[in-house]
Ligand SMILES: C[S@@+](CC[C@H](N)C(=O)[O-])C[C@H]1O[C@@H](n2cnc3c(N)ncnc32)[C@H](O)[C@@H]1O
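Here you get one chain, nothing else, as structure tokens; it is the form predicted on its own.
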Amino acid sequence: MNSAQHIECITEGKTEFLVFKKKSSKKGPGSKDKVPFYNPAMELNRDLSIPINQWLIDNSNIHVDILDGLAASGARGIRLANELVGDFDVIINDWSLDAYDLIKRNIKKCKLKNAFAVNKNLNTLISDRRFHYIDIDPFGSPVYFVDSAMRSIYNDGIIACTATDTATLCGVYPKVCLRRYGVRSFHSPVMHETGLRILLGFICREATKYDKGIEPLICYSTDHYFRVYVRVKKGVGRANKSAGNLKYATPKELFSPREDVADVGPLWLGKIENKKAIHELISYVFKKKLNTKGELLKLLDLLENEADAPPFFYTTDNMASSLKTSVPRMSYIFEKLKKKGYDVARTCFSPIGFKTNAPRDEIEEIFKQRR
């Protein structure tokens, strides 16, 4: 281990562990370095993996094998091993020797009997054995590991992916998106939801190659990353059902006035949240010691309310701008739409966004009434 680097003791949840701490801000992405990477901005990301894995363990009648595949400092894997309860083991892997040494040191510090450090290329590791939960949290895109993960995951297992290449997924670099994800992307007012649906669509295509289907459990977007949890189910019928959610969207459906752009996709246009699972997970959050509990409960409540909403959302600013009218309060929009019998919900993709099953002309009428 590089002794010249400063090591600090961090506490997340109920776990105290060692990290090479170089980034102090809790906002935004970090920067890649030679030493194992720890980003305090990802604490909510790590916190959410605790109740999800507890939910998986409690709903399994077998020993559960969990993999933190790109562990860096090992923060997630160490916490999973220390904070979960039940019959499970956690493999904490990173191919950096510095990371491997730090992970071993943290396992010893926390006196963990169910955590094991591994120093392998992730694709090699998941080609050699199988898991019930695989966490892929890379610096950048997860695409290089999804195929191997899909072959490694047990039936009804969960694959969790983080993607920080948000500019690529949001259509800023369409050639990169086409090359990396096999999708025609588009930079639009709903680019964050489009980007997440591109990621889900890619994971779905990797699953169907092996006659497997996916069921998104929790999927969300933050200021600098996308995060998806998908349950993988074996069977040709489930693969075909999943493939049926792969479709193209027109620029008009993405609320863009441009007509000179080809259809965008293929995208996952099925549901991106499992309302029942989210409702159950909320109770798990209350039971766990989590530093971001308030923020996490707010996110889960938002996702639960959004779960049955249609794809894509309106924003108050864009709608008001296109109609050359003032921006109404969100509460006013909700009141008017609900009074007309329509469903409406806020969205995790934008603080000024809302989803509804109301036709556009009904929404426009509400905005025009505010002139």
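Residues carry their position along the shown sequence, with the first being 1. Just so we're clear, the structure is a prediction, and the values are computed from it rather than from any experiment.
Here the subject shifts to the form predicted in complex with the ligand, a form of this protein not shown in this document.
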With a 4.5 Å heavy atom cut-off, would you call Lys336 a contact of the ligand in the predicted bound form? no
Looking at the partner-bound form in the predicted bound form, is Pro36 within 4.5 Å of the ligand by any heavy atom? yes
Using a 4.5 Å heavy atom cut-off, state whether Ser256 contacts the ligand in the predicted bound form. no
Taking 4.5 angstroms as the cut-off for heavy atoms, does Tyr154 touch the ligand in the predicted bound form? no
Work out which of the listed stretches, 92-100, 182-190, 248-256, 196-204, brings a heavy atom within 4.5 angstroms of the ligand in the predicted bound form. 92-100
Can you work out which of Arg105, Lys271, Lys120, Lys233 has a heavy atom no more than 4.5 Å from the ligand in the predicted bound form? Lys120
Contact with the ligand in the predicted bound form, heavy atom within 4.5 Å, among Ile159, Ala72, Leu267, Leu80 goes to Ala72
Within 4.5 Å of the ligand in the predicted bound form, do we find a heavy atom from each of Arg46, Asp137 and Phe145? yes
